[in-house]
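We begin with a single chain expressed as structure tokens, specifically the form predicted on its own.
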Amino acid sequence: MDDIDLSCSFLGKKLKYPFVINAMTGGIAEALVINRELASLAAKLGMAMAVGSQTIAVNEPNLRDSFRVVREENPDGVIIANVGAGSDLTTAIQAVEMINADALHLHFNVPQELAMPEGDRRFRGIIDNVMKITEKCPVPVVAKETGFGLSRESVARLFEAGVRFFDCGGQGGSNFIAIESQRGGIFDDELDDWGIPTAVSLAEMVYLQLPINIIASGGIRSAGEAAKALAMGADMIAMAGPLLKILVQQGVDELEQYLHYFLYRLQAVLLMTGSQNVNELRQKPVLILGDTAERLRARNIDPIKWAN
């Protein structure tokens, strides 16, 4: 077990684990405490961390402390800023500078916006905007879906726009259509199953064989699922909802213990597959069965690729 090495290089920095505490919150009083505790754990355990959307803090400077605390608690670690893909260049750069970020999430959440009575309805020019931000942003841009998955066509278009980092944010985690329905959204429950499942989105991204860095997120709740994502080709895995639930309901000590056991189980999977590190894990056969295999075949992707 002592020989298992999960360390990785991400955004030019060394991490002990290929793990991102993914975007959750910011801009409210509770977020200051939440982000401080999450950032402290990220620094202690050797993980990356992303913050929630910073647009509100760009517009209201008195809310910026709930984001800045992340860099204060983790001065040398990997921190990812976050704004919407439709944000202007000035907003994007201010978000990066606010927390001295190593990268910038540009999040895509069209289904959520359409489910909100007050949400956006116009998305013309998003690709051109992403291209502009990617060209001018002082740090790498990460195209991030927020629960509905990225298709290979979307990734190809964003790659042409200059993006080299992707967070698939697939279906299976927090369902923002369902959340908006509960707060009076206009979809009711008709489109609650909308989206590309995380495993399928990840497979589509890997299938492109582009020189990109992939973060797998969306419903990853166990070390076994994390190991599968890494074996399929993800460079990093990310979690948000399960971590926030433990932190809020049980406290930071319980969350730290949960992460320790999670990482132990992830190391155990590597040991049980005869893999000393993630690169060796990727050489092991992965059997893709059931609904996931059928979805891939429907997209002319042969799941046997991963079994060879």
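One rule holds for the numbers: they count along the sequence shown, beginning at 1. Predicted model, so just to flag it, every value in this text is computed and none were measured.
Although it is not shown, the form predicted in complex with a small molecule is what the next lines describe.
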| query | finding |
| --- | --- |
| Distance check, Gly46 to the small molecule in the predicted bound form, heavy atom within 4.5 Å | no |
| His107: touches the small molecule in the predicted bound form, heavy atom cutoff 4.5 angstroms | yes |
| Phe159, heavy atom within 4.5 angstroms of the small molecule in the predicted bound form | no |
| Gly27: touches the small molecule in the predicted bound form, heavy atom cutoff 4.5 angstroms | no |
| Every residue of Glu204, Gly233 and Ala307 near the small molecule in the predicted bound form, heavy atom within 4.5 Å | no |
| Option from 115-123, 68-76, 234-242, 91-99 whose residues, in the predicted bound form, bring a heavy atom within 4.5 Å of the small molecule | 234-242 |
| Residue among Ser275, Gln267, Ser53, Ser40 with a heavy atom within 4.5 Å of the small molecule in the predicted bound form | Ser53 |
| Contact residue in the predicted bound form, from Gly86, Pro111, Gly219, Gly185 (heavy atom within 4.5 Å of the small molecule) | Gly219 |
